[in-house]
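As structure tokens, one chain now follows by itself in the form predicted alone.
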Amino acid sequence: MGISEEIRNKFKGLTSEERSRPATLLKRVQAEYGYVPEDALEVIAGLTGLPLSQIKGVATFYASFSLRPRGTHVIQICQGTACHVKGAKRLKERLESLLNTETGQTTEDGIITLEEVRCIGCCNRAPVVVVDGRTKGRINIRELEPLIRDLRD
């Protein structure tokens, strides 16, 4: 059974109200697969009656959705104004070096995905990274190596 058919089967029992909420459907797919496959976007467009471009717009607008498989762990580094001013660019460059990958990519071993986000709303704790959904504020460059080591252990 292909992903499209699998997703259609999972959504069969939904009410028309539930089918009308693309973000909710995307959230379910993301939870199930760890990302939102292209096939799922098409199924959701069909279920909601919305254009595929609109579904893709929702999926790419929110940082919680990924259109590519992610690693076991996800590190998001905030690049909002406060974080930028407090050195987020240096942190990002150091993370890329430690992980031997670029922002938006997953390490070769598939363990860690590094993502950049615009603002996570913790400006008073800048600079901020989010590791597997947990916010770490006022992070400094010396904390990055142990953080990566802990994720890989």
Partner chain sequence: MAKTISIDMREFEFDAGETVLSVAKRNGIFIPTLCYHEALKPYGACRLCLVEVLEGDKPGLHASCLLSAKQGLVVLTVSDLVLKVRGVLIQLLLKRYPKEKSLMDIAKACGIEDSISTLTGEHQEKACLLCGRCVRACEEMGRSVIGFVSRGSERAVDAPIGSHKECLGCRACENVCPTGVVRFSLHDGVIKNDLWDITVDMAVCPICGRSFATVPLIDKVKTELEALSEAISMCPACRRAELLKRICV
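Residue numbers count along the first chain shown, from 1. Everything quoted here is computed from the prediction, not taken from an experiment.
What follows is about the form predicted together with the partner chain, which we do not show.
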E42 within 4.5 Å of the partner chain in the predicted bound form, heavy atoms
yes
Contact label in the predicted bound form: K86 to the partner chain, heavy atom within 4.5 Å:
no
Can you tell me if G57 lies within 4.5 angstroms of the partner chain in the predicted bound form, counting non-hydrogen atoms only?
yes
Just to confirm, N124 within 4.5 Å of the partner chain in the predicted bound form by heavy atoms?
no
With a 4.5 Å heavy atom cut-off to the partner chain in the predicted bound form, the contacting stretch among 60-68, 26-34, 87-95, 124-132 is 60-68
